[in-house]
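Shown here is one chain on its own, the form predicted on its own, set out as structure tokens.
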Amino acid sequence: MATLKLEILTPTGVTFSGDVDTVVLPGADGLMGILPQHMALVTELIPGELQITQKGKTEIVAIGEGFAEITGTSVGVLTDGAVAEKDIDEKAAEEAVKRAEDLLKSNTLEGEELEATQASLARSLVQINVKRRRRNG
């Protein structure tokens, strides 16, 4: 069976690199299922669940904003954050949500600080949702 080379890159380095059967990305226009031989494209990613299927097993990665470059043989994901479900610290994510919400309520943020806080809030909420859905599902 044909596979795809998947690489997930964040500002801190490579989060994942390997051959996969399929990838499901949270695109700006909705979820996108990627199989080998997919047409080439570049798409915007929104914070959400990236699903990786390898040898019949699915792994979930919570990602932030970013972009994906897709070819018939590879998927390159460039994102501001990526955490595998098994590595998510739900308590730390809840604390990050509280800090971000408090900062946003203060109405003192502008420009890049505001954007960074909003992005942090979105990433933390995705992590909480991934952890809770998988635990309860």
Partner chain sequence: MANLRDIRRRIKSVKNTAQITKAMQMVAATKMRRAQQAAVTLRPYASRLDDLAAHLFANIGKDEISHPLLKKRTTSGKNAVVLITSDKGLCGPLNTNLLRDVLKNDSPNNVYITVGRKGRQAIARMKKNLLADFELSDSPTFVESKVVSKFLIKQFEENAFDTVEIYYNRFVNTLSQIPVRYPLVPIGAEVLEVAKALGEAQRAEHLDTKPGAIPAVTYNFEPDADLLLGKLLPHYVHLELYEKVLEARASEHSARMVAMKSATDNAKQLVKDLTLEYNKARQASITNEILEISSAAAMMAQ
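Numbering follows the first chain given and starts at 1. Note that the structure is predicted; figures quoted are calculated from it, not measured.
The same protein has a further form, the form predicted in complex with its partner chain, not shown here; the description that follows concerns it.
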Is every one of 59, 85 and 121 in contact with its partner chain in the model of the complex, taking contact as a heavy atom within 4.5 Å? no
Contact of residue 40 with its partner chain in the model of the complex (heavy atom, 4.5 Å): yes
Can you tell me if residue 11 lies within 4.5 angstroms of its partner chain in the model of the complex, counting non-hydrogen atoms only? yes
With the partner left out of view, is residue 36 within 4.5 angstroms of its partner chain in the model of the complex by any non-hydrogen atom? no
Does any heavy atom of residue 53 come within 4.5 Å of a heavy atom of its partner chain in the model of the complex? no
Of 95, 89, 29, 102, which one comes within 4.5 Å of its partner chain in the model of the complex, counting heavy atoms only? 29
Contacts with its partner chain in the model of the complex, stretch 59-85 (heavy atom within 4.5 Å): 67, 69, 70, 71, 74, 75, 76, 78, 79
